[in-house]
Ligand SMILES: C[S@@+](CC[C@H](N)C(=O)[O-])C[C@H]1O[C@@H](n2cnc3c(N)ncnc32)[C@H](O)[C@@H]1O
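Before any questions on binding or motion, here is one chain by itself as structure tokens, the form predicted alone.
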Amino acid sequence: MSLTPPKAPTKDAIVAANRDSWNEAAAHHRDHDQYKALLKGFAEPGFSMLDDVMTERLKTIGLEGKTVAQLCCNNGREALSIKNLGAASVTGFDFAEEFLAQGRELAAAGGIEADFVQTEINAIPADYDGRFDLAVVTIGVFGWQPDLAAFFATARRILKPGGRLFVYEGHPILNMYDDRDTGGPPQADESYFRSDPYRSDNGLDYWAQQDYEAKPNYWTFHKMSDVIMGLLRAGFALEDFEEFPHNIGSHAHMENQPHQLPLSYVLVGRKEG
């Protein structure tokens, strides 16, 4: 007698589970020194936690006088940094209210004007359509999106004509590898072409990389071609794409290898029409 494999969760179920898991994780993140450092940092005028690559690319695009949205902003640290770099306004969208509360706390620490909106990304209210010059996506966003086409359509919807989508993400080849340092050379343990979502019940404390008994979350695998073609099919013109060997997330142990993998990338699209 053969057993029927468990039914894969729907996209809506994945989003709901991930929202609950992220809200649960917020208290763990608040307890870490990294969060305390952000509170101290944003209390200083002009503070930015953006690295040189992101800073220079955004300056090249231009921030002065621009309205900026961050999609899946978490605690808003990038959005607040962008405001301090000269943006006219910043709005952070995220489905996890507990992390948005941290964003408001960070903004208050430095007297930084910013809006934080609780919403599932693909359900951003129509009031925001065509309002932004720039939409920003940073590390660890696409894996939480079971529907990339809807995500890119939303990004296009909220941008003004000629507005840009700026992506600075972890490279999808990292889905093949454990994000924890095992002490030896990186060893692939997953297929780059995996199509079913990966379920975890170990929590989302990526700062300390400590497990806890948690609500389930689901990570969706997307190839680099899925991302680029998703951008193009949504009606963006490709302006920039570059891969980098440096880590921007949880894979510092994979830098400086004899046969170096790409660990991050920048992707910029311009809204046409």
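Don't overthink the numbering: it's just position in the shown sequence, from 1. It should be emphasised that the depicted structure is a prediction, and the values quoted were computed from it without experimental measurement.
Not pictured, yet referred to below: the form predicted in complex with the named molecule.
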query = Among Ala114, Ala135, Ile82, Ala96, which has at least one heavy atom within 4.5 Å of the named molecule in the predicted bound form?
reply = Ala96
inquiry  = Quick check on this chain: which one of Tyr206, Tyr212, Phe241, Phe244 has a heavy atom within 4.5 Å of the named molecule in the predicted bound form?
reply    = Tyr206
Partner-facing stretch of 154 to 162, 104 to 112, 136 to 144, 183 to 191, counted where any non-hydrogen atom is within 4.5 angstroms of the named molecule in the predicted bound form = 136 to 144
request  = Give a yes or no for Trp22: in the predicted bound form, does one of its heavy atoms lie within 4.5 Å of a heavy atom belonging to the named molecule?
outcome  = yes
inquiry  = With a cut-off of 4.5 Å between heavy atoms, is Met176 one of the residues that contacts the named molecule in the predicted bound form?
reply    = no
request  = With heavy atoms only and a cut-off of 4.5 Å, decide whether Asn202 touches the named molecule in the predicted bound form.
outcome  = no
query = Even though the named molecule is not shown here, does Asp129 get within 4.5 Å of it in the predicted bound form, heavy atoms only?
reply = no
key: Every residue of Thr60, Lys66 and Ser89 near the named molecule in the predicted bound form, heavy atom within 4.5 Å   = no
task = Note that the named molecule is not shown here; using its position in the predicted bound form, name the residues of 111 to 128 with a heavy atom within 4.5 Å of it, in sequence order.
result = Thr119, Glu120, Ile121
